[in-house]
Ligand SMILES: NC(=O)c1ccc[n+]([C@@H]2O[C@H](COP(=O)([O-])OP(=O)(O)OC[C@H]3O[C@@H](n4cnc5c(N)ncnc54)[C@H](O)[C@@H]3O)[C@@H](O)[C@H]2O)c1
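Shown here is one chain on its own, the form predicted on its own, set out as structure tokens.
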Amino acid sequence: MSTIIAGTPVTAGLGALFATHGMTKKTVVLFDEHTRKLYGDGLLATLTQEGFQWRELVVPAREASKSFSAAYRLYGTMIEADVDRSWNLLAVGGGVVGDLGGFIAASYYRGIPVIQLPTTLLAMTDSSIGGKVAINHPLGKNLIGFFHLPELVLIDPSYLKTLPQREIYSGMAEVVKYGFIADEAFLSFLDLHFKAITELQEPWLTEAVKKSAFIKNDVVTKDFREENGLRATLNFGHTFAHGLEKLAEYRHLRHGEAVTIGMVCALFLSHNLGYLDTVSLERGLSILKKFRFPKGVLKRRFLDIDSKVLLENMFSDKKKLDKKLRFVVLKRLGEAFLLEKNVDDKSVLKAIDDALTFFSGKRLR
């Protein structure tokens, strides 16, 4: 499985680290326009000082970069630069760069090593870990891809200081998810220190990031290809979230914002189906109530949506099997499982309606 290293500066001693993991000092460095501007000069100078031979690739900082056309262009640049299978690829950025870089590494010369250097909270705690790499298709997100584990995941929480608050809250959704699905004590820690973490205060920030990363890595280690249902628990709230993202055209709603809403729906579904008790439901909702959305986003992207329309769009979720939606529910806080039985539409709609009531501030019946 992947080696995860967290610290500041995490890029110190890269040459020796690569050698320890059997990788050469020949690296393709993939940035987006934002990460190139913020970190490029310093990182490339470090690589030069460490004796690396490197080639630089830059893509636009948008979801549309996760495409065949972008990958095809990058393949061409690498071929022209005589990059062969002795090289590796270092992906520096958020989920888009991590996914695209992993996809290219998995497919170029039938696979070269990939190293993830995530720069967002969402990437540090979720998308950079686990080896799921993909690009988008016009008919759906992340439908074309591979399982290709990174050799290294290098996490430096100091990078988060460049992020706007909206991105911090978006990433925090995945952090809280780990508490819900795997560790009630961690959920209590997040509840207690939520404000400090979202304000990037130490040592709580690094503790939250490291704990999240190691929980995901542990789940992936035990169920790499989703063969026993454990890895599927990482999708708590995501079946609802993917429908919301589609309705928002994958542009107007951050992934973490959709997951926050989706987890509220999933909590209600867990409760309504008889798995999660009322006290646990209320405790979970109180934590999710701490999240903040930009003005108007919650209303336009969820409260103004008909629950039946959302359900219809959830069927674009790649996690469905035999045209049936799959849901992760909680048995208790800190313990999730994949519900094998089919959930009827009425129950799903009830969970969505309960979440609409919750977010609108109306009293729940």
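Counting begins at 1, following the sequence as shown. Worth saying up front: this structure is predicted, and the values here are computed from it rather than measured.
A second form of this protein, the form predicted together with the named molecule, is not displayed here; the remarks below concern that form.
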One residue of L339, L44, A61, I305 in contact with the named molecule, assessed in the model of the complex (non-hydrogen atom, 4.5 angstroms): A61
Selected contact from D218, E226, E167, E184, since only one has a non-hydrogen atom within 4.5 angstroms of the named molecule in the model of the complex: E167
Stretch from 280-288, 117-125, 188-196, 207-215 whose residues place a heavy atom within 4.5 Å of the named molecule in the model of the complex: 117-125
Y159: touches the named molecule in the model of the complex, heavy atom cutoff 4.5 angstroms: yes
Interface membership of H34, the named molecule in the model of the complex, 4.5 Å heavy atom rule: yes
4.5 Å heavy atom contact, I144 and the named molecule in the model of the complex: no
4.5 Å heavy atom contact, V297 and the named molecule in the model of the complex: no
Residues from 168-191 in contact with the named molecule (non-hydrogen atom within 4.5 Å) in the model of the complex: none
